[in-house]
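Listed next as structure tokens is one chain, alone, in the form predicted alone.
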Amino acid sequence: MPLIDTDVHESFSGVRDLVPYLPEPYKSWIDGGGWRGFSQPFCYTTPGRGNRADVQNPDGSASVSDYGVMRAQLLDYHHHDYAVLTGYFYPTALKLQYGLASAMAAAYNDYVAEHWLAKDKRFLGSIQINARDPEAAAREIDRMASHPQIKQVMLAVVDDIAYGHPMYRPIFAAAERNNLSVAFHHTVFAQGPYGMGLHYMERHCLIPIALMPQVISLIVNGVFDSFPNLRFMILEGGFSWLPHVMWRLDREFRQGRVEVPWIKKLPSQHCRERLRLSTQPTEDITPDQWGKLIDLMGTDELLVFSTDYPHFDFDNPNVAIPRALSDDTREKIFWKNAAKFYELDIPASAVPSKAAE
């Protein structure tokens, strides 16, 4: 069966890898050690320090900057047709020095184009932006959109931004005019309404609660209606919560629509038509429960497969999606839904060979 992986995390060996792509004065700032990356607010306890234990360089550091390792462990081993690169580097997390954040976003995009996209046609790219400066973000989207492997704009989910706010409209306008989708991915700064909790396990449980409000904000504040050609993706946030959000939105819309006259469809209809969610991480549910969740969503076209490579809770495509689901549903999850969402050609592995015929 063809395979499209919608959440694969590439990176660099260190922030100084971006120096050749930076303009002054930021080149000198970074080259002189003035910034060492975002501060991680917790300590990983897994052997791979947040990644698979086998994704290691000889010095013990993560080899997420090594294309050869990813090709061997992921692309070739699991026979990927496409892998959507979503990064680790989210400049929106920088809450000041917006010029630096926007310059770093552009530098990272150029780095990925040269060191990842150019090495393998199976890679599809995401444009990293500094969303805190929407006009600069829109210019960066316009700059990178012509690259043939770029398919989406990445919006980082942090602790202080709901993207339905009108100030972010230039980002969505730029994505729509360039026929790009918009993806949302949590960062180490995403949290629940009472913070991150006291343990990493607690914080990890809260990740969906950081993504649910983004869906609500986008729909209630009219982003879906204002940009009718945009498609939206939720990555690495689970999906079992979606039926509740759709039901609750529909209920509130029916009784309070006078407050939001710009919403022209039931929120659940908006979700079914233009929202997609990656499968990783999936709760430990039975095949029967998988089927019930899909029934509650009202369609089997909302889910797209992801491994979340190279994280420690990586989902192996051989076992992640129950074989008890119908062949048609499994095909939709593994590749058809993503191919339609990203407007991709049918993977060669989906075309029967002459021998098979």
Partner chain sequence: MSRHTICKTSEVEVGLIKPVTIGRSPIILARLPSGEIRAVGGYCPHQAADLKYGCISGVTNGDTPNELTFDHAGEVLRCPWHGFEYSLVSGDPLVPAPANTKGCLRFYEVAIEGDNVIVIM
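Residue numbers count along the first chain shown, from 1. Computed from a predicted model, the values in this text were never measured in an experiment.
Although it is not shown, the form predicted in complex with its partner chain is what the next lines describe.
Although the partner is absent here, Asn229 lies well away from its partner chain in the model of the complex, with no heavy atom inside 4.5 Å. By the criterion of a heavy atom within 4.5 Å, Gly34 is excluded from the residues contacting its partner chain in the model of the complex. Within 4.5 Å of any heavy atom of its partner chain in the model of the complex lies no heavy atom of Asp300. Not displayed here, its partner chain is kept clear of Asp160 by more than 4.5 Å at the level of heavy atoms in the model of the complex. When you look in the model of the complex, the only residue of Asn221, Ser181, Gln191, Thr282 with a non-hydrogen atom within 4.5 Å of its partner chain is Thr282.
Only one of the listed residues (Trp29, Phe38, Phe42, Phe312) places a non-hydrogen atom within 4.5 angstroms of its partner chain in the model of the complex, and that residue is Phe312. Just one listed stretch, out of 251 to 259, 283 to 291, 147 to 155, 164 to 172, contacts its partner chain in the model of the complex at the 4.5 Å heavy atom level, and that stretch is 283 to 291.
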